[in-house]
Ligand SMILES: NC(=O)c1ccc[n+]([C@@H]2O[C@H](COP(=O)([O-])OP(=O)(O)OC[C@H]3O[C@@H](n4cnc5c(N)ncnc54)[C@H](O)[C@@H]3O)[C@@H](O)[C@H]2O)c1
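Next comes just one chain, in structure tokens: the form predicted alone.
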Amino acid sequence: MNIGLIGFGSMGRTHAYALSNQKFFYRPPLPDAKIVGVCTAHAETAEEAARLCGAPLAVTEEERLIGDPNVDIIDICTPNACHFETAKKALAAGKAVYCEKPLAVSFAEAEKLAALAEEKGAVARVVFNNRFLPAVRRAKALLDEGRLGRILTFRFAYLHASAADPKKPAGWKQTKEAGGGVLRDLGSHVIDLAVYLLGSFSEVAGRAQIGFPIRAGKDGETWRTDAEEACYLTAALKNGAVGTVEANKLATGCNDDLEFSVYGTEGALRFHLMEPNFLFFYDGKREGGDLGGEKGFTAVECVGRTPAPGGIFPGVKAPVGWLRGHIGSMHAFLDAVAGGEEPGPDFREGAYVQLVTEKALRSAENGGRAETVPDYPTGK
């Protein structure tokens, strides 16, 4: 499985790391997968990236990788606004595609990509890496087993402090034209987790916030931010649950604070990415009594306990970190390319996240008026 990697910023490096470490984390290993070419905007960065990846080919035109018959997979790690055209060309060329989130900058674009992937019979996945953390997978299992009963309410949030400093220069993620905005960036992760764990949305209402409309750009010139730096949603799901979803880059003191809480008639769950080794589970069926009995949240020691064929390295008791989700996401994709059945978010699921995102942003533009989320055939 020969991979053409397009883009080598922080996510390109992350994907290369996840790929190169597959053989340590899974047994038996998948068929050999390697990066054979890297494309970046500048020749010097492409050459440095290719050297780091051990790839023989460094290019500045993505068509050279997409059109290369020796390349089986296109891995897209470019800014949001670039995803659609690159993925469309890769699918048309018969490649498997692994695309960073969000799949596109609009639902219309994402829907076209999902339809094209199905037409071509291509393996096409979106990188929602947080699904693959052991604690999240354990939460999914508990919910699927019905251990929480009927879901009543929930909260999903992803908090950063990256836009909280008015002196920090703005970048492409703070402009609509480039596909920026916190709801597409951080929000796509928590919307996906809500759907993955609890099911489809029925209605959403949003309120957007720009903390600092004017700041300096990277060139030192005045920059006017036009993409939201925080977004707050109230949402109803098709299962009747009502709750909130928040994506926020104005949260002073936060680093990578992805968290969720789910409350049902018979139990509850809590998770925080800054404490990724544990899932907190409240079993409402446990006995109470004097001094509390056995009631209360239990810290489930998920750590490195991933389902087979994983869990062999660095050991099931070893603490887990953020990169483990990317390693699992990459493995699920490669397994699918190799003909396996490892589940993972396909382009239909990525398009659904885009649909919810678009409805939420439209609501925010219309003063928070609720938007109905129509049924969409994700197959989930």
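Being a predicted model, the structure only gives us computed values, none of them experimental. Residue numbers run from 1 along the displayed sequence.
The form predicted together with the named molecule exists for this protein as well; it is not shown, and the discussion that follows is about that form.
Within 4.5 Å of the named molecule in the predicted bound form, a heavy atom is found for not a single one of 228, 251 and 357. The partner is absent here; in the predicted bound form, the one residue of 133, 110, 127, 247 having a heavy atom within 4.5 Å of the named molecule is 127. Only one of 151, 77, 123, 190 lies close to the named molecule in the predicted bound form, with a heavy atom inside 4.5 Å, and it is 77. Considering the named molecule in the predicted bound form, the lone stretch of 338 to 346, 34 to 42, 65 to 73, 309 to 317 in range is 34 to 42 [heavy atom distance within 4.5 Å]. Residue 11 belongs to the set of residues with a heavy atom inside 4.5 Å of the named molecule in the predicted bound form. Taking the partner from elsewhere, residue 326 is found to have a heavy atom lying within 4.5 Å of the named molecule in the predicted bound form. Within this chain, residue 236 is remote from the site of the named molecule in the predicted bound form, having no heavy atom within 4.5 Å. At the 4.5 Å threshold, heavy atoms of residue 101 reach the named molecule in the predicted bound form. Shown without its partner, the chain has 172, 173 in segment 161 to 178 as residues with a non-hydrogen atom within 4.5 angstroms of the named molecule in the predicted bound form.
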